[in-house]
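Shown here is one chain on its own, the form predicted alone, set out as structure tokens.
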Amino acid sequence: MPLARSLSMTSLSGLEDWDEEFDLEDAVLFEIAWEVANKVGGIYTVIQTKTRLTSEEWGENYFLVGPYMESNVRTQVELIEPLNPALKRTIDKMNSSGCKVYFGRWLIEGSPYVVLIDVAFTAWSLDRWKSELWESCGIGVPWFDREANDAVLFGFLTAWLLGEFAAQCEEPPHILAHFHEWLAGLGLMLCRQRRLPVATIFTTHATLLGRYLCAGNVDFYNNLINFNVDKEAGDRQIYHRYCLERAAARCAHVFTTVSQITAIEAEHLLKRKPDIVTPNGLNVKKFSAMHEFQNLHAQSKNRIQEFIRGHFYGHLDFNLDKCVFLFIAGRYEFSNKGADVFLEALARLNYLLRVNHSELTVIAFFIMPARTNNFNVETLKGQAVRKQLWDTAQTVKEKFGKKLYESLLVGQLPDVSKILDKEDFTMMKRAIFATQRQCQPPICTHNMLEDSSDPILNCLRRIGLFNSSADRVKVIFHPEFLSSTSPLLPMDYEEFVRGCHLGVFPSYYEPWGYTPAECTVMGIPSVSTNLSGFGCFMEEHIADPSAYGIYILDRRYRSVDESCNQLTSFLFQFCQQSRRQRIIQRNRTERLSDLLDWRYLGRYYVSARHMALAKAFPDTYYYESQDPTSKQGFRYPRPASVPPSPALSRHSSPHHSEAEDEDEERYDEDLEAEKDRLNIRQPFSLPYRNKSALPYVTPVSNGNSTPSSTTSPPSSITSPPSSVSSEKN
């Protein structure tokens, strides 16, 4: 497989086009993960969204392998007979040997083939396989760790599947197996230990030990070199899991992580530098006109405003047209996800807005699932009161309109005092009296089972944010994932995000960060950190992230108090923007969605697969890497106008109100968008070639990159991006 140069680990512009097609006839790709057709966390999203691109590249030779979960299979998988003869013989042989293996199509975009293994059906082999694991690898798994027991069963079964498939193939196959996370890692170890003809890739999306250490409130990233990893894993009773993860990383032909920050973490905790970073992408839906996603924002914002009207009934003493909606969402990890920093920043923002006599109101949503027993009665009552008021207004409006129509028909101007009778006034007065409320609007929409010990509620009590009329910052804690069928806030997550103005994700531990990425592709600005994979990726590819609505919070080199002050500054500057400035910023944010499209980021996985095949089958494939120091990095230049921040804006930046003459503003949306589009190459597919093909060197035509594009070796992962293309517009 001749490649004239390897692919850049960090630069999108370094990935040149291949015009010739590679031969995929004799190569088969198995992608193995516990979250195939089984939603547990973010890896499910990675695999689900990536399969369309991978299916287009590999066609009938691409198979996903995961656990059989009957409830998921009934709704997500169409069971069929395998079309590949060798795979059919493999599954039949395993089923006749006491296993239960199913084959089908996963009903998602791309419709990939899936091989689902029933681990519970082979639980009778658990003790025997644990003994084999101890004898061959020296790793003991305790009986009480159910998740680790599942990993043992799944690992031995996937290794059995790959070994049997290799044996059933009539000609020596070129099998490539990509394993995700420690739950699938044992299968990789067994493939290498048994010397199966399989090229292996291991991807860690977050290290086990890293997640546990960060949850313990340690200064994690600044002390990476000081941790005694064996002791730390043992103290947390995860040493066996850690061993499985570390062994998989060390045994793989190619080891990858999802971000630069996780690569640094893996180097110290797993004792191997990743060969390549494979950032997570999304399937981006582009709109034909810029105003379309702005219209979706307006529609969703109106629905959130309706909820606000009900939630704050009786205390609606602020103008909804002068409201900014902020939100944080994700797993309920109070410190890891940065909820503690966000709350502290909200308290400081509330003070700033009050002392500056701002007319703006900030409403912050916390969408984090916690233990509850039902909806809050007061919250449900608020939505009922709002609906009753709406029905009353519609009734009066209908009667008023009818009398007005009849008056105009006879050629007379209506007497307004006679159009509404006493009954109408009585109905309206009763509706007004119904909106009176003696208590403050609730903070939490549900009844919490652990109200007195809940971290968010305790922090709100400490900082004194109780949704009082004097507060310019209001807080709503929704301890449940959003659903369009909810009687309270009937919106799904995507619709809710589109209706907000800013996503705030000041995470301390976030290997990638799908929540800010989803905000970006929907054109919603967001706050991320230099400790999240997404934040590091954006810092690397955008010269001025804040100009494009990506605010990067420094949580690595600043104290918690300094980080809170910086976040407060970001939020206060955002609150000072005019409506037009926010629209301009959303346009810029949405244009960044190309950076996060799998059509572009998928090529990093292609590079990893090339590398693994070349290492495992050097007689058939090869992969030539070069010194990355000569390569120019790529970054979005600054936009044509100054970033739309009141603290930074000058007369060249759109800073006036929307009523002012736009000719005075040096901002051209079409021109700026066209220049941004030139920074991203058109998507392409990367097929394979066999070794008999001639090497192909792509001439460089882009002035922003140099002739050689390379995959950064492990040693370059920790180095900061030093080359920046000229910031020209």
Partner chain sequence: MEYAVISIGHYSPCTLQIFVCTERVGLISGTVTSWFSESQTDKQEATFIFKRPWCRISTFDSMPVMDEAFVTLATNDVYSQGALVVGQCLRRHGTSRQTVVMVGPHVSQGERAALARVFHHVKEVDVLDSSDRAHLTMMGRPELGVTLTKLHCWALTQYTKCVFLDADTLVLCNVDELFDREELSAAPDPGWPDCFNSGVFVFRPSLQTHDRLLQWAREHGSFDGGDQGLLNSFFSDWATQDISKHLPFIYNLSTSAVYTYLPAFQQYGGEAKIVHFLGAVKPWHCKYDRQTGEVTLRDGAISRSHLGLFLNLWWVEYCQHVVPSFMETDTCQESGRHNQKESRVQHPDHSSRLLLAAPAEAVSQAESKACVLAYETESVEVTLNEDPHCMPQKEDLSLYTEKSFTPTAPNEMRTKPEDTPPGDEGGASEWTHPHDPPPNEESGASESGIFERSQSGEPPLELTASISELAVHLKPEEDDLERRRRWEEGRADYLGEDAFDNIKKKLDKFLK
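Whichever C-alpha set is largest while still superposing within 1.5 Å between the two forms counts as the rigid core. Numbering follows the first chain given and starts at 1. This is a predicted model, so every value here is computed, not measured.
Same protein, other form: the form predicted in complex with the partner chain, not shown, and the subject of what follows.
> With a 4.5 Å heavy atom cut-off, would you call E170 a contact of the partner chain in the predicted complex?
Output for E170 is no: heavy atoms all beyond 4.5 Å of the partner chain.
> Is there any non-hydrogen atom of A614 lying within 4.5 Å of the partner chain in the predicted complex?
So A614 does not count as contacting the partner chain.
> Could you tell me if D230 has a non-hydrogen atom within 4.5 Å of the partner chain in the predicted complex?
Judged by the heavy-atom cut-off of 4.5 Å, D230 is in contact with the partner chain in the predicted complex.
> Using a 4.5 angstroms cut-off on non-hydrogen atoms, would L352 count as touching the partner chain in the predicted complex?
Answer no; every heavy atom of L352 is more than 4.5 Å from the partner chain in the predicted complex.
> Considering non-hydrogen atoms and a 4.5 Å limit, which listed residue (P490, G234, P197, P455) is close to the partner chain in the predicted complex?
Of P490, G234, P197, P455, the residue with a heavy atom within 4.5 Å of the partner chain in the predicted complex is G234.
> Going by heavy atom distances of 4.5 angstroms or less, which of H297, H268, R348, K130 would be at the interface with the partner chain in the predicted complex?
Checking each option against the partner chain in the predicted complex, the one that comes within 4.5 Å is K130.
> Of the listed stretches (113-121, 560-568, 248-256, 333-341), which one has a non-hydrogen atom within 4.5 Å of the partner chain in the predicted complex?
Among the listed stretches, the partner-contacting one is 248-256.
> With the partner left out here, if you bring back the partner chain in the predicted complex, are G98, K100 and L157 all within 4.5 Å of it by some heavy atom?
No residue of the spot touches the partner chain in the predicted complex.
> Output the sequence-ordered list of residues from 121-144 with at least one heavy atom within 4.5 Å of the partner chain in the predicted complex.
D127, K130, S131, W134, E135, S136, C137, G138, I139, G140, V141, P142, W143, F144 sit within 4.5 Å of the partner.
> Using the rigid core as the reference frame, would you say Q412 shifts its C-alpha by 2 Å or more between the shown form and the other one?
Stays below the 2 Å threshold, so no.
> Hey, does S335 budge by 2 Å or more at the Cα between the shown form and the other one once the core is superposed?
Shift of 2 Å or more: no.
> Align on the rigid core first; then say whether the Cα of R580 has moved by at least 2 Å between the shown form and the other one.
No, the C-alpha position differs by under 2 Å between the shown form and the other one.
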